[in-house]
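Only one chain is included here, represented as structure tokens and corresponding to the form predicted alone.
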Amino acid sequence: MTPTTIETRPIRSGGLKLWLERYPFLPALIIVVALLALNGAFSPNSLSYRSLTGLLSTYMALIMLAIAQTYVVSAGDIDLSAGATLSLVNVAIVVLMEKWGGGGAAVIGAMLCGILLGLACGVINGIVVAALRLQAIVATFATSIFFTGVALYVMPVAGTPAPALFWRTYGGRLLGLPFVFYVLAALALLLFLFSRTRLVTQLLAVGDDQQAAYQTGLPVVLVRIKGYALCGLFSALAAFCLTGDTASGDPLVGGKMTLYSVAAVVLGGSALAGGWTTVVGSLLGALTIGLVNSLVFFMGTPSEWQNFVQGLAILLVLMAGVLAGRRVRA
């Protein structure tokens, strides 16, 4: 197992196929490079250092949410409440930071509360799905409605501004480098540490064959709950990035991002059935969605056609990535 790639199947010999088995995110990487080239062709300024930094800053929240979804998918589950968890944490930390004065201590305290809130949402999902044995797609859809309702209670109307200290830090620089680079480095370190834990292997074992995992003595229910807890944790981290990027709270902001996160997981080369996932691929899948959206804009697509073209482009990219993944796993 590589530090950032999760896989359980043995590597077979055979040139390109071997590389694709070892690095299942390669198709996603190729697609990202191609989209970068297309963006550069339509708008050369889009490849500037400043533009690429802005792209990373804008889509870091989706990257975090896609990674959150990856850990759940590893066990063969899915979380349709990830975006609602993001929204709830977003409005909660904005309200807390405002009430506590908006200073450094208030920001840190609110972020800690946001992490606990994200973990709580994940554990609730895990208990409902794994312990109560409800279908994940139905149960997490229900909890997404519940979490959205709580978010609307906390902040009925969108637009409450986040403290300047928070969003200026996220959008600013530290030691001459954009702060988002430090966020990316911290994410890479966190993923590396998680990849060294038994939990990742256990999640994949459950996703590969839940019955076999149970027969070997693996605590399947607890492992799945932990997977949802990880999803809640990264959803909270996604909320931090989104709050830093938008500088405000919005109880409905994560609604559309849930399905984007699922699409990013598949674009990255993971199997929704579980047992075969890659967090690097999910990261690249999220960037793919961002680059597709940028390309549609740079092409000068009329506003009434933008959603159509974006959906079609993502569908075509998704088909290419899935077909490549199937050839590897065949």
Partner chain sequence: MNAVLSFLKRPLVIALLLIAALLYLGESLSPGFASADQVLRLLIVASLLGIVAAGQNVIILGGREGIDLSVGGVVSLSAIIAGNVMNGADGGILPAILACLAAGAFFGLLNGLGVTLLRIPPLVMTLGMLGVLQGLLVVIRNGIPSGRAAPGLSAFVTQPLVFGIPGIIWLWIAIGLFMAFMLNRTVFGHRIYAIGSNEHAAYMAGVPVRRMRIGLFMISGMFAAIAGLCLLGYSGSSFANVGEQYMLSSIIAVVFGGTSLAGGKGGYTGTMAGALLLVILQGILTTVNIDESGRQMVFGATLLLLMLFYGRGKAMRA
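Positions refer to the first chain, counted from 1. Predicted, not measured: the structure shown is a model, and the values here were computed from it.
Omitted from view is the form predicted together with the partner chain, to which the following refers.
Of the residues A247, M111, A188, V150, just one reaches the partner chain in the predicted bound form with a heavy atom at 4.5 Å or closer; this is V150. Of the residues I225, V180, A139, L233, just one reaches the partner chain in the predicted bound form with a heavy atom at 4.5 Å or closer; this is A139.
The partner chain is not drawn, but in the predicted bound form it has no heavy atom within 4.5 Å of L287. Although the partner is absent from this view, I31 stays clear of the partner chain in the predicted bound form, with no non-hydrogen atom inside 4.5 angstroms. Under a 4.5 angstroms non-hydrogen atom cutoff, the partner chain in the predicted bound form lacks Q202 among its neighbouring residues.
At a distance threshold of 4.5 angstroms between non-hydrogen atoms, W305 is in contact with the partner chain in the predicted bound form.
Only one listed stretch (111-119, 86-94, 172-180, 214-222) carries heavy atoms within 4.5 Å of the partner chain in the predicted bound form, and that stretch is 214-222. For the stretch 122-151, the set of residues having any non-hydrogen atom within 4.5 angstroms of the partner chain in the predicted bound form comprises V128, A131, L132, R133, L134, Q135, I137, V138, A139, F141, A142, T143, I145, F146, T148, G149, V150, in sequence order.
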